[in-house]
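Considered here are two forms of the same protein chain, supplied as structure tokens in two stand-alone entries, structure 1 and structure 2.
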Structure 1
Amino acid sequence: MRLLALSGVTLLASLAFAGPLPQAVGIPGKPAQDQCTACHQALDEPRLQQPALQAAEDIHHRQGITCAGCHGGDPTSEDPEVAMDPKKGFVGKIPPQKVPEVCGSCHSDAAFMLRYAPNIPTDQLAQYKTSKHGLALAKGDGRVATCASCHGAHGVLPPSDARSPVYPSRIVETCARCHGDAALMKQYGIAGTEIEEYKQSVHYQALTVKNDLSAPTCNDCHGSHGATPPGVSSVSNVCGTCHLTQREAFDLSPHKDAFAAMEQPACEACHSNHKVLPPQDQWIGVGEGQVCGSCHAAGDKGAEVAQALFQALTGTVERMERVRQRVEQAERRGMLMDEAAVKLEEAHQALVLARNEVHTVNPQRVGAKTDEAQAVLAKAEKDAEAAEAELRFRHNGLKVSLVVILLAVVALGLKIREIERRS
């Protein structure tokens, strides 16, 4: 065993960063035991002490991989001279340019990674090399993000850990460390306002308010390791990954070819890219602040279609609100309105589909769905009317009984007076 270890060390000394160090790899699932953390924890200088303190939480350390896995050296020796001997592969602090290769030495090795997680992807390094970050790094720009910039260097946590900087709800803050710095971004021709815009979006709201971890954050549209801005032609593909029905509807619209001819991004034209606000029916039209007005003007065919779509939707919304109020009022007054509530939900579903059909900009298709909603609303309205009639009947009945009781009181009073007068 010792002979094997020694030959391994010699080999690694010549092949720095080429692969995992045998001495540095323990039993998967069993936390690593090494002298590096023991000595460094006792150091006074925080810069040298911190990595050792973070080791206990580190995913690598917990899987038996010691500090030597990345930094080389002899993790078994108590003598610093021996432990950090360059002859034993010790490389000390890893420069940013080398970080992807060091991480990739294990993470790109499918056979090695299989020991820890059979389903873990091993193409991160290949993807990184195609990313804006990777391309800039290859040109020698040491300021761009590498693996450690997002995942951390020490105390690396799995992305499923809510404390990890790459946990879905924390990614935006991680990206913001660089992309929120307008001065830095200016040097790369990036506005630097993307983070603030994204934070106003429905996506960020879903992620942080509803805690919906499936809501898109930076990496869902730009890619994680292969991070790059989607080109004009692929924006609709990116949005269409989640918004399938909207994309299918858009593909049926005359806008598809027109936008392609103008080399305009599809979804982004109306919804913006980062600042994706909750869509409003009021956006449809050529008036001030309405999205169709970017290309169409009052009086043209597009403006007419927009007006038809707007009326179909808002007419349905107004009626739905009226019916909902009546149903809720009847419910508050003690009537069972479950069936009407189901109908209101049905109408709402039809309205959602109508809003989806807006992407076809076809008034017939939108009208078919709003007609469906209106038909169900008419039934719900009948339920509300029936409930109101029942309530009126109850009130009137009780008023009548009240009158009868009061008449009986008066009659009794007269009787008592008569009795008392007689006696």
Structure 2
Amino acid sequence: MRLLALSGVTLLASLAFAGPLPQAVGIPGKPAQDQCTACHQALDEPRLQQPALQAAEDIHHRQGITCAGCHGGDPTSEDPEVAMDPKKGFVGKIPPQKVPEVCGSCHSDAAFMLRYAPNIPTDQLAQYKTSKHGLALAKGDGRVATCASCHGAHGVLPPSDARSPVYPSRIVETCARCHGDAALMKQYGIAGTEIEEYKQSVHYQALTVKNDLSAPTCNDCHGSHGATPPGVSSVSNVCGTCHLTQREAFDLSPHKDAFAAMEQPACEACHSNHKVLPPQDQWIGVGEGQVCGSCHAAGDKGAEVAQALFQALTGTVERMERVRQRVEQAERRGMLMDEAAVKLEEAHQALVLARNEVHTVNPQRVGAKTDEAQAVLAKAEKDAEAAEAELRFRHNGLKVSLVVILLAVVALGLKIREIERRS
């Protein structure tokens, strides 16, 4: 038996580099027809029956790839001894160390993949071999993730299918199978808290609550097949993939060279890595709970700059809130305040740009944007004052009108009484 198993593995290794046997591949786009699923569906043992039941949904099976595409053997034979003959390359359970090569036998073959999915890159295996998972697997660690760990072994769905374990909103749970296991991760020197921290982040909220599939999940920062934690020098590059304007602003700041000199990660220093919370103006400063205090102390130049940035932003926010309340109050009292609302939005946009300029750590650049916001707020404030003045005028006019009407009613009543006395 041992000899048969070894010969099967040897044949499988050979099969992995040669691609699937001709009889294992059907017409692209047409579901595979083989005896493997027919026989296994009739079995009572769930372990052997389930793969056959899942075949109907499997993207490979739907594209004409039979079970023999991975397991070898003869998918046309009704005789189990022939179908699962190790001499024909059959291997029942594929060892984890062989899984990447088996998948790569097709997925690394550009000519073969053109027949099925020309849009899928064919360098996944090469990337995997450079990943933390692939490097550990090469050293004989059979616990690390392989292709089947993330995509599944049977019933494999395309990543665009919302049921797929690699669909954007489900990736974190897929990674959590290993990375949420603190005891397992401890053996690799990983805290194991990364998943729970990520679930508190603004990225996870955007992905799962707002259903924003462009929001980053694990593989967007760490890579998919070439999964590797970003190093100190590459963190800002990873964040800058999405936060381009912030990265460009950071590159203008004195922090860029300072962080590089200290060999400290850039973005992560203020925003954290997995537990990325919505940034607040109140973070700026050297007081308790403020991020600048990690490197600067009260009285130094950095603290002075932080205070200037903080005042510029919070001063603008406070005025914007006051003006917004006046505009909304006037609107509730019946005034048309569309132009003021547009000015408030313009001021908000200028404030957003000012917050982006915070990454330059340049008070002049931040001040230029907050000054723009303040100037527009001044115009909106005038609109609010004009509306309030108009409301006062209308209110006073209404009171005068009521007095006149009241006097007219009284006069009319007196006139009627006089006429009645005469008659």
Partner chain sequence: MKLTEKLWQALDERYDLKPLLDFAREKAVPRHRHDWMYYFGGLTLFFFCVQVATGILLLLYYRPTAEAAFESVQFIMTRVPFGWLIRSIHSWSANLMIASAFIHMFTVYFAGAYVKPRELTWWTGAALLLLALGFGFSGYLLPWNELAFFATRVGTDMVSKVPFIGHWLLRVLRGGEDVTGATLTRFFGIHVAVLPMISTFLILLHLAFIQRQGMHEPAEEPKLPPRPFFPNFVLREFMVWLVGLALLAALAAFFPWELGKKADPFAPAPAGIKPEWYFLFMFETLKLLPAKVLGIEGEILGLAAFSAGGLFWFLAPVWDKKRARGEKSVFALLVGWGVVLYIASFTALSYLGVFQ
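Throughout, residue numbering runs from 1 along the sequence of structure 1. On a predicted model such as this, the values are computed, not experimentally measured, just so you know. Think of the rigid core as the biggest set of C-alphas that the two forms share within 1.5 Å after superposition.
Note that the form predicted alone is the one shown as structure 2, not structure 1.
Put simply, the smaller rigid part swings 5 degrees relative to the larger one between the two structures, by C-alpha superposition. Core-aligned Cα shift between the two structures at V400: this is 3.6 Å.
Aligning the rigid core between the two structures leaves the CA of K415 offset by 5.1 Å.
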